[in-house]
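Given next, in structure tokens, is a single chain: the form predicted alone.
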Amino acid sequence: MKIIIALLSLSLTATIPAQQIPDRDTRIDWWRDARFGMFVTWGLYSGLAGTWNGKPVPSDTNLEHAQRMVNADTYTYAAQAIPKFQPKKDFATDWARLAKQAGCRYVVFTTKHHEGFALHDSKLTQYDAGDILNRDLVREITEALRKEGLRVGFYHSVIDWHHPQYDYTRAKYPPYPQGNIAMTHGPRDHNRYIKYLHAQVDELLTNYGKVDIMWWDYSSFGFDGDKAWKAGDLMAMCYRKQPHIIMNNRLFRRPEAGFSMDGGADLSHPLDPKYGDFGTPEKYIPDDMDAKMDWETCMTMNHTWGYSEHDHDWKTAQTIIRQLIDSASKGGNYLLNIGPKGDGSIPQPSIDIMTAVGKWMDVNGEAIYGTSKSTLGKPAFDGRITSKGKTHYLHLFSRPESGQVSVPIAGNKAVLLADGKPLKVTTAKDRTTITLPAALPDPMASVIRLD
């Protein structure tokens, strides 16, 4: 299969004056209130489903990296993957309805992953959904999300294993597919790739209406920011196109941008807006309740982001719900991933989990939306606390043997959200003790509202 990349000689966007950019609080307040979003990792790799030449890809994680894991060149990879990536009609409607049903307030979905295949109808390349499938998948998805009243986020890889000028030799991670290396002839002009990257982002922010989030991925230590992506110009262009937009911190990979030297998240200091708006711990929820920056944990339901027919180790709905609560209790957001199949259908275990989360949120959503990290410290009971002004939500994971819970604040009214029935409250010396019913109503997490 012959795939041609059309490069345009486009100038980079000049930096815009800071006063033209709305302040961070104005841009991010809705996101702080939302607390819960759905992540969608989807691309050519989804059709492969973790299988190459009839055998499982040798990994139980990151199957969206299938091309490098099997060491295939772009053309061999595309020849196998494209025939298996055939989205069904109305797949996007199913995604949007599931997100809404689960209680998500926003959805971040892949516009291009490291493999380089663009899901929109790009004028800059023929390696895209417009040319290969005669469909604009980004348009289908954004329209479906907006019909459900959901905010729209674009996951966009700044790495590109397909583009012939992306200089893989300068990035420490992730490794470049060996098959592509074998096809490399002569040096690469990375500046030409940067122009392509900026121009493609320009398309995404120009042609699809309001975009609420740019979720960048991925920089490595020593190859990030302006050096790797002309990040300052790229961010300035995003603000010029979408002044309200918020961005994560992954155009950078350095301590001052919210990364520890081992590559994890470091949330211990405020994040300068020049590096983005929020930190991005991945597959874990920080222990520290004293984060100084906005943050969002992105989490898989099993092990892998992209769909794998071999990964059946699904988290329970209870685990997912408690992780959502844990994130909110520490002032963070929870971005829960689904990995659709090549036809866009969602694996049944993902549907079951999202449905269970939605049922819990229908009853207890007020204890998540618009809350802040607990102002009462770590609870003395098995559970978590979220706060909203003078109201505190006690999320109980189990019932104490004493039949009571106590918190260090004077309260005068406590009710279970599950039934609205008042509970006995005793207050002494700025401490409140609540007497619990003989059995808690929800094994996932039972929530008491304390005013």
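Quick note: we count residues from 1 along the sequence shown, nothing fancier. Since this is a predicted model, take the numbers as computed values, not measurements.
Same protein, other form: the form predicted in complex with a small molecule, not shown, and the subject of what follows.
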Exercise for the section: Give a yes/no on whether residue 218 approaches the small molecule to within 4.5 Å in the model of the complex, heavy atoms considered. Expected result: yes
Exercise for the section: Evaluate residue 298 for contact with the small molecule in the model of the complex, applying a 4.5 angstroms cut-off between non-hydrogen atoms, and reply yes or no. Expected result: yes
Practice task
Mark residue 65 yes when one of its heavy atoms lies within 4.5 Å of a heavy atom of the small molecule in the model of the complex, and no otherwise.
Solution key: yes
Practice task
Tell me, yes or no, whether residue 155 is in contact with the small molecule in the model of the complex, where a contact means a heavy atom of each within 4.5 Å.
Solution key: yes
Fill in the blank from the handout: Per contact check vs the small molecule in the model of the complex (non-hydrogen atom within 4.5 angstroms), the hit among 210-218, 264-272, 134-142, 313-321 is 210-218
Fill in the blank from the handout: Checking 282, 121, 148, 326 against the small molecule in the model of the complex, the residue with a non-hydrogen atom inside 4.5 angstroms turns out to be 282
